[in-house]
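One chain follows as structure tokens, the form predicted on its own.
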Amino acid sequence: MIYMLDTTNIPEIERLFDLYPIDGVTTNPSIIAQEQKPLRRLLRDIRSVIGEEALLHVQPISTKAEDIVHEALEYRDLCRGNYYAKIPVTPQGIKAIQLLKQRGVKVTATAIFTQQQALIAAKAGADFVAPYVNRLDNISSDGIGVVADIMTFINAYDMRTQVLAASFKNVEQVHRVCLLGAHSVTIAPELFESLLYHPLTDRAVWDFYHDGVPYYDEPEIIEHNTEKTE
């Protein structure tokens, strides 16, 4: 499983990369806008935090294929390292995916809401296809079912494309796409931390500590831990 953060908030990226086995960061124009900072500065800052081996997905804002390609190449040169161009699955986007693949650029096809959109993008050469789970659920569709069908297509036709499931509202949605064998998920920071949380884990750790303190002979460790819990 490839875990990615769907954010451009630098402090959150830095904090969570320090704690967890996170593989990369995904961005889009709406997420960029939330930080109210210039795109190029954000991208340089993200790369400096995550390193060159982590995946960094960047979405051009252009709508014509040639302009999308030009913009994606500019971001590749800026980001360096393990870079993916995120391209929406419009007709011009599909054309741009094919042009970028001819130039050796890795591509994530995004804004996917149907099975055929994913299949066409995969056939065009996309390395990842990104179906939006919760946005489908919000219109009384079945986001998990769409991901399941896409996985069936990819396996049936033995495609190299991987599924990058996106747009989650809760842990259960993430859990269910993992059960389907989705290759990757991209998750907002607060939801990512919810994947690990369980109140019984916190209670068990509390019990371990308070039961064991009288019998551990490392007073400096005990003192340090006590300070942290106060």
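Every value quoted in this text rests on a predicted model; they were computed, and no experiment measured them. When you see a residue number, it is the position in the sequence shown, counting from 1.
The same protein also has a form predicted in complex with a small molecule, omitted here; what follows describes it.
- Heavy atoms of residue 176 never reach within 4.5 Å of the small molecule in the predicted bound form, leaving it off the interface.
- Among residues of the shown chain, residue 184 is not one whose heavy atoms approach the small molecule to within 4.5 Å in the predicted bound form.
- In the predicted bound form, residue 153 stays away from the small molecule, with no heavy atom inside 4.5 Å.
- Contact check for residue 47: no non-hydrogen atom falls within 4.5 Å of the small molecule in the predicted bound form.
- The listed set 180, 171, 39, 31 contains one residue whose heavy atoms approach the small molecule in the predicted bound form to within 4.5 Å, identified as 31.
- In terms of contact with the small molecule in the predicted bound form, the residue from 135, 123, 95, 106 that brings a heavy atom within 4.5 Å is 135.
- Of the stretches 48 to 56, 196 to 204, 163 to 171, 63 to 71, only 163 to 171 has residues with a heavy atom within 4.5 Å of the small molecule in the predicted bound form.
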